[in-house]
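Before any questions on binding or motion, here is one chain by itself as structure tokens, the form predicted alone.
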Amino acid sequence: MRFPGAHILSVTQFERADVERIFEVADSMRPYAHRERMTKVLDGAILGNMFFEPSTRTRVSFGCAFNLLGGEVRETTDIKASSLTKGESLYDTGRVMSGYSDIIVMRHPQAGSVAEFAKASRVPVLNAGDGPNEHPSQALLDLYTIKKELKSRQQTIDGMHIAMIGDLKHGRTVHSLSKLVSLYKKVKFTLISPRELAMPAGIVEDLRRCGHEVVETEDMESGLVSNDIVYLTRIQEERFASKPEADLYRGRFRLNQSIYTQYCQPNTVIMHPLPRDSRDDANELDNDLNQHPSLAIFRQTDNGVLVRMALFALTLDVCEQIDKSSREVNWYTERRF
């Protein structure tokens, strides 16, 4: 795809070469994300960060990524604080807000809403999650993490085995990641969920059509065997009609040190898009794994800044200018990575 000026709305926009280009640029962002150097390549540029659903990591990391490139961030973080509550259309909002920004990141609870907004926007729009539909930047940072984790084990994405566990029906992160992984070759997917929360049939069919092996099961123990990656998700309570309905599934699939040791290969990478639900009745990813070397959830969050910096640099077409406006930082920067 041609990145400059493009909206990033769905992972279906990407071919494998596009993904590799994003990852190449993300690699080059490491000195800036690690605060070893600083750049002002986006000095004067404004990001409109519009989040109409709760968010911590995605909202803050997009803002952080833009700041690290020298830009400024303006945030809208509550739909009740916007004119959408007065009946304003997404089209009108997009037309207006794009006059105040050079690029917009948007999260909205309705599927297809960000694409509708983007039709009116005069600047690039990046989809930060549209309801249960997609989450492109999360899928990219997840796949970037998978690539890095497997490379440290002398493996590649081609031919890997990945288990996805939890609410696969409503989890936009697994929807987008599955579509992105389908660009690679001969991947085995083990999809572990209650039958009622299974991966949408259309996504499963597409994976098989692309030549991948897909196993669907409700048996977590057998599904954990022989994977390179285990990707857990929480029950998406906000997508259910009521909390009691979500509670029917909460805590059904849990991973802790004992289960990992018993069923997983010794070096199986553990991933989760976060937030993980640490309440006693859920606890899908136990704290007793926090110091496990194969737990990659915090490496994922660090990688999110790199990938989102890359998306900004590519979309605003500044990749070749970043180093020209860079210098060493003048504050204490030692970090424990």
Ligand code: CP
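Counting begins at 1, following the sequence as shown. In this text the structure is predicted, and so the values were computed from the model without any measurement.
Keep in mind that the form predicted in complex with this ligand is missing from the display, and what follows is about it.
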query	finding
Which of 42-50, 281-289, 27-35, 55-63 lines the interface with this ligand in the predicted bound form (heavy atom within 4.5 Å)	55-63
4.5 Å heavy atom contact, Pro275 and this ligand in the predicted bound form	yes
Distance check, Gln138 to this ligand in the predicted bound form, heavy atom within 4.5 Å	yes
This ligand contact in the predicted bound form: Arg107, any heavy atom under 4.5 Å	yes
